[in-house]
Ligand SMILES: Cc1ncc(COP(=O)(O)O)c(C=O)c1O
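Next up: just one chain, as structure tokens, the form predicted alone.
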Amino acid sequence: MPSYDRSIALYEETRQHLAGGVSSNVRYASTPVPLFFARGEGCRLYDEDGNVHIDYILGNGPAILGHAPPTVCQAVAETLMLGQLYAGQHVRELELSKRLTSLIPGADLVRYASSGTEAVQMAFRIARAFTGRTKIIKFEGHYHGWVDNVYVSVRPSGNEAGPAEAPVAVADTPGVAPGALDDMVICGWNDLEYLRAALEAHRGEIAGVIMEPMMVNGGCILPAPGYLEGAKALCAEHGAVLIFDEVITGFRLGLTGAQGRFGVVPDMTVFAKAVAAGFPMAMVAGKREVMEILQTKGVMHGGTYNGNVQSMAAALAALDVLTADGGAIYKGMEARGTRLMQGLAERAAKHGVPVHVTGVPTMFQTMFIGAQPANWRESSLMDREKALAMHAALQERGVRVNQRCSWFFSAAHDDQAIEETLAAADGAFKAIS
């Protein structure tokens, strides 16, 4: 059994000075306490107790090239003595913007931010100013940040959520102002009739419809055939702005994100995480007629750290790697990730553990559930205790996944890492069977 004595001691000391002992509540989801790490390299993390973890959390998704990718780190290092914040423009912003607008299908214009949560709020403001309306449709099980108006119905319990055809908005944390929910309309995902009914019930009131085009936080569930196309058509019919939240899927499902993979281009898209390979950067990208109102209508958006020198340099360097040889790096990730998904499914079956491996090779989840889920209400039936047991069993064997058993795959996960992971998984499935 690995020892975590130093992490436990550090956590107890940190709690005396840092609220809760963590800088993000997501980090509580670790065993036996939030672990302390000394460094990361490639697909591995090294904790303060000397344990080595093959990492499939990857900072909750950003580290698409693995930890400390040399090309990105070198590019950032070369800018450090140039300064960080100018409160003015610099040519890296221009260069990155040109590359992104030529690459992303739905990006005529981009605007930078520092976090996905913040960028979502920018998208809402733009949509409201563009349409002159106030309400936003959000889907059960989709995560768009931690602030009041979107940390709603992310993981609602069945007895709070109301009927599937007309869900109730459920605040997922104490401290949410009641009025914050007034302009949020909650809808079940992956069923066009639910969306049609919500738009009809609020005809002429919906400014935007926001969704994860692949429901990552609710189980790595793919959109049903025709669903995204139908959602786009319904938004156009009702004059609502379609917003894809690609904070996680962007640059992870491929160079063109979910919209490129699934062939449906929204009016606006929110990106973050993998776009700068681990450095803090987010952005909203969208159609010119929507995005240009930031200037033409004077819609306020600010941020001291937006477009900072190091994040721009990191994103440019990451794009150099991701776009090389026509995006060949993705072919390797897809092939190795597929091998890992299939290997996990085979080992679960070998030990008689009911598992559905949902998602795509660069991002998937081992769902402890009897039938393939299509939405949050179905994925919420997953055996939570079995997932927690698997999380702990894998960690004991040197493999790090989150407590939902989600897996982020990177370019740094090589054949050796996959072999070690599948050996660990075989033992873990046996232990929990």
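Start at 1 and count along the sequence shown; that's the residue number. The structure presented is a predicted model; accordingly, all values stated were derived computationally and were not measured.
The next section is about a form of this same protein that is not shown, the form predicted together with the named molecule.
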### Query
So in the model of the complex, does E212 come within 4.5 Å of the named molecule, heavy atom to heavy atom?
yes
### Message
Taking the named molecule as it sits in the model of the complex, is G116 in contact with it (heavy atom to heavy atom, 4.5 Å or less)?
### Response
yes
### Query
Does at least one non-hydrogen atom of T358 fall within 4.5 angstroms of the named molecule in the model of the complex?
no
### Message
I'd like to check something about N217: if you look in the model of the complex, is any of its heavy atoms closer than or equal to 4.5 Å to a heavy atom of the named molecule?
### Response
yes
### Message
Based on heavy atom distances of 4.5 Å or less, which listed stretch (139-147, 325-333, 182-190, 103-111) is in contact with the named molecule in the model of the complex?
### Response
139-147
### Message
Can you work out which of I206, L96, I248, I221 has a heavy atom no more than 4.5 Å from the named molecule in the model of the complex?
### Response
I248
### Query
Taking the named molecule in the model of the complex, which residues of 268-306 have any heavy atom within 4.5 Å of it?
K273
